[in-house]
Structure formats: structure tokens, C-alpha cells
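Just the one chain here, laid out as C-alpha cells, in the form predicted on its own.
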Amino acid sequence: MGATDVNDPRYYHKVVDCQWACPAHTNVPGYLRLIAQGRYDDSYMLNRESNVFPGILGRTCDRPCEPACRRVRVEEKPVAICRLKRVAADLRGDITARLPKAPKQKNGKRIACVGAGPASLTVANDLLPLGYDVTIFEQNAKPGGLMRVNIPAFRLPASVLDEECGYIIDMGATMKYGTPIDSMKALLAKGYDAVFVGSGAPKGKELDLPGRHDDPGKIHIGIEWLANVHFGHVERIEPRVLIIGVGNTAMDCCRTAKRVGATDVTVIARRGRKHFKASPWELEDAEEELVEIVENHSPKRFVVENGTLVGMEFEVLEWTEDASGRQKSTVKETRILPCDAVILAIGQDNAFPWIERDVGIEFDPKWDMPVVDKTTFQSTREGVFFGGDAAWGPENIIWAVAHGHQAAISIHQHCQGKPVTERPPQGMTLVSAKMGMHSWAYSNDYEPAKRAKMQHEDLTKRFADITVEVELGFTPEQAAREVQRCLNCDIQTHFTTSLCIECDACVDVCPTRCLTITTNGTSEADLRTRLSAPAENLDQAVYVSDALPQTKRVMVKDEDVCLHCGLCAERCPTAAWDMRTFDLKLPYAGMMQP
């Protein structure tokens, strides 16, 4: 098979598993090393290039990077990437002078953003420095969208949200607070050069079962109830509360209920724990606060007596797998759980009653969702773009940020009269980390420490004030140890074929047996059967060199099990192996080559 093309940025990018898994492709190893050096300002700014909201995401991100972390191949727990992001955000100094600036002279193009959530703010972040006049329409009195009204303050303090939203707004965005958009046709008539819809998924799903409307004041829609708590419309809830659903919104609901009067809170899950949508750390925090989670219960009816909700009846399910692997349930029995209130947190839907169906924006007839191109984020009407939850339904904040970056590229292309399908390419730099014969510009010692444990506020304090942040953050000592657990996956083992003398020194010294010198094969599948260690992870590539000078065999490396320790490069007598720092150059609006 042919040699691996390491000049394609995508190859080494995929080796940096955490960065590859992040929707915004944040340079995780890079900002962790900056934390290790005490360079918190630099770490924060490196973070901000791609994820825009380091302080917010350091508290609320769904952490797709962590399951991908190479550390889980060494031990069970990944590096605490998300919480280290918060370390840089909390310990940084004044970085306002380093933030992007909008030019005084505008470029004459006007952009309208619907909603002041993370997707719209990211679009503004990317377009304002290019001279665009960006107006953001927000129905609430402050920015942040669902980040503000649906994420409780005990997880995301308002001060953090205000500061990071302010960094973007202060560039010169025109904010129209208290201004819901009720007509796309009317908005388009205002002559904006492009419109971005980042209005989120503001409609909670219903559970239309018998008894649902017999005592409506005691049955709440999760995201609406959280918003009502945020705005002070709800200050108390009844003592016994059932939460239907087991996603992250359900976790916010059950923990909030504990803070506004509930003493007995139970979360009801239709399936077993391995199928829960809530993040593991969200479940852990809820259970620490004495929330009970009941599995394999399917709601059947609301039990209402004399006009008052007194409980819910459930079918107790047993799940089995059929021959095709599909899960099937059978009802073992029915059970009534007493309660005084119910919060429904079974999902969210988009709501677009304000988009007329005759403005050229097609909607999927099955889901009543706008048809949006997954690369350009443009709808079927030229110049109208969607992103965040408004595009394809509820996702995490980091996905909204990634959407905003891509939509901003398209908006810029559209406004410059260029095809939105033309995307700026990714680039990279690859620089040797060598600092002498046997030393590197990174710490390549393996740190055996276990993952740091987050410190939490006492239960009594957190229940006394709903605004008290539960997670206290890492201590400096914890942060210093945790960053050393990173295996520096962006420090690539770069091979120069012409220098290899096939002495096998690298093969002998490799602690994970990831290197093999062998005859070439007709396919990767063939090579995988002849490597020093089983190469069973088909999602991770194997590197194949050109034919070696002496025997015309090839050097093969299983990227999956490499620890980036640098021993191969230290042992190599001819410097055929080198440790090189890979830096992915992400494309943003305005970066298209002429």
C-alpha cells in the first residue's frame, strides 16, 4: 500500500484525539502545556481562538474530547480537559487588550442574527473584526440565550456569562434586547445582506398522557420551568417532585428543585443507566445531592384525585435484545409513585411559527425543521443561515460554537459574492521539539497520577442559595499535577525514510510495541495482522513509510497505542525519528486564499 501522506493536516490532526473529537477542534495539548508553564493568559487566548467561551465551556461543556483522550488507553480516567479549561479562565489576568477588534471603517455589509445564544455570538465574534455591521435580536433583556435561562447559576455564574458575552458585544455588535422576531418576512424586508438564525430549540416536549391537563399547575415543562426559576417567576415547588427524563436538562431540573423547596426528588428513566443521555458527572452531582434515579419505568398516566395531582403510574419494563440486536421491552408490572409535582424533561423541539412558509425556506415535512446544508449552514433561501440548536435540534454549546464558525465563513463568502461551497482549507505547522541530543521542548515523562477530584461546596451552603457555584475548581496543586497527565498527542513522531538504517533500535525501545518494520502489504487490513502489537482500533490509522533504503521494507506505526514518549527519537542513531509539534491552522471567516 502507498505511503501515508503526513503533509495532509488531517492525518496528524486525527492523531490528536481530543482535538479531533472537539467540534470546534480546540488545541487541547497546547493550552494544557501553557497552564503547566503558568501562562494562564496565553492558555485562555489559545482556547478562545476556537471555542470562544473558555470560562463558560470550562463549566458546562459536554466534553466530547474526554472519552477520546489517549489517557483512557493507559488507565480508566481521561485528563480533566474541561476543568483545566476553567483553570485558565479563572486564573487569567486582564486579556481585553488581546481580544479581536472591529475596524472603525465598516465594510458596508449588514448582518442580522436572531437570538443572542452561543451560535449567534460566535458568528458576531468572527464577522465584527472583518468590518461587518452585526445586529443581534434577543427576546430577553440580556445575552446568552439558553445558556442564561436554562443553565442554573449554581453551574454557570452570571458573572462568567456576562463577561464572555461582553467580550463579543463590546466589539460593536448592535444589541436589540426585548425584541423577539415574529416574522422572517418582515426581517428580510429590512434589507440585511445575510440573516443568521441562532434561536435555539425553545420548545420543551410534551407528554400527552391521561390526567395531563387535570391539574396543569403541578405539571411543568422542564426548560420553561427552569426559565421561570431564572426570572424569579417560580420561587418554590412542592416537596415531592418527579422528573421525567434523564438528560442534562433533567439533571438541571432535579438539582434546581432541591434548591426551591423540594425535599424528595426522583428522576425517572425509561431505560437502564448505560442508555442515559445525561453526562456521567451530571448524574454524580445529582446523586451527591440525594436525588434518586429510578430505571426502567415508562410513564403511563398522571394520577389525579379530586382535581389534585397525587402521583404517576408507571409500567416497570424489562429490556431484552432480539436476534438483530434491537432492544425490546416487556411490561413486568405497573407501579404508582406518589408526588406533588412533575417536571417533564424528555427533550426539546425547534419552534418556527415566525418563519412564513412562502419566503423560500424549505422545511422537512417529517420534523418541520428547516432544510439546512450541513457544510455551509445555508437554508434553501440564499443568504439565510441556521446554526446551533436551531439547525438540527438540541446539542451542546460547543456544537453551537462550531456551527457559528462555519456559518460565519459562509456569510462572508456570500457577502463577497463568492460561492458558499468554497471553504478555506485547514493548514498546519510542524516544528521539531528537539532541544539538544536527548531533550525535548515538552515533558515526556509519564505521570502516573490519577485524575484529580473536583472539590465541591458543602451541601448546606449550596442549598441555601441557588446562585452558589457548586464546583469550586481545581487548586493550583491539583491543576499542576493534572496537566502533567496529558500525553502530548500533538507532539508527533515524524519519520524520515531516507535516514533509516533499519537497526531496530526504535522497535526495541518502544514501550507499547507500536512500531514494526515489515514487508509492505496490499492493504491496511493485511498490515494490521503483522504488527508487533494487535492494531484493533480501526478508527485510528496506521502510519506506513515509503520503502526503506536497505531492504525496501516499510516502517509501520500503530497510532492508536503510541504514547508520544519520544523514546524512539531519543534512541534513533540517525535522527530518522523526530518529535515535532503539530499545530493545526483552523480556517475562519476571511481566511480564504485569493
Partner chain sequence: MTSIAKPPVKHPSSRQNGIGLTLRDYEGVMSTLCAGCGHDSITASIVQAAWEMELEPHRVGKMSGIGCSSKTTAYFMKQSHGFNSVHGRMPSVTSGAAAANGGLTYIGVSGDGDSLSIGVGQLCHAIRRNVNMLYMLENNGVYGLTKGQFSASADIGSTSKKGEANEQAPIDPILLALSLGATYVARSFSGDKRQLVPIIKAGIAHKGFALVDVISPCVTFNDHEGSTKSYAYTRQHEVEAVEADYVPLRREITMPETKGAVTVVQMHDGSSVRLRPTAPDYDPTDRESAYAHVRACQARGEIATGLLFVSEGARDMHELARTVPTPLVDVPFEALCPGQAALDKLMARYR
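Since we're looking at a predicted model, the values are computed, not measured. Numbering follows the first chain given and starts at 1.
Omitted from view is the form predicted in complex with its partner chain, to which the following refers.
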| property | result |
| --- | --- |
| Contact check for V74, Y446 and L567 against its partner chain in the predicted bound form, heavy atom at 4.5 Å | yes |
| Option from 502-510, 414-422, 354-362, 452-460 whose residues, in the predicted bound form, bring a heavy atom within 4.5 Å of its partner chain | 502-510 |
| L538, heavy atom within 4.5 angstroms of its partner chain in the predicted bound form | no |
| Close approach of A533 to its partner chain in the predicted bound form, 4.5 Å, heavy atom | yes |
| Partner proximity in the predicted bound form: A21 to its partner chain, non-hydrogen atom cutoff 4.5 Å | no |
| Contact flag, H25 vs its partner chain in the predicted bound form, heavy atom cut 4.5 Å | no |
| In the predicted bound form, the residue from V542, V554, L563, A68 that sits within 4.5 Å of its partner chain by heavy atoms | L563 |
| Residues of stretch 392-428 in contact with its partner chain in the predicted bound form (4.5 Å, non-hydrogen atom) | none |
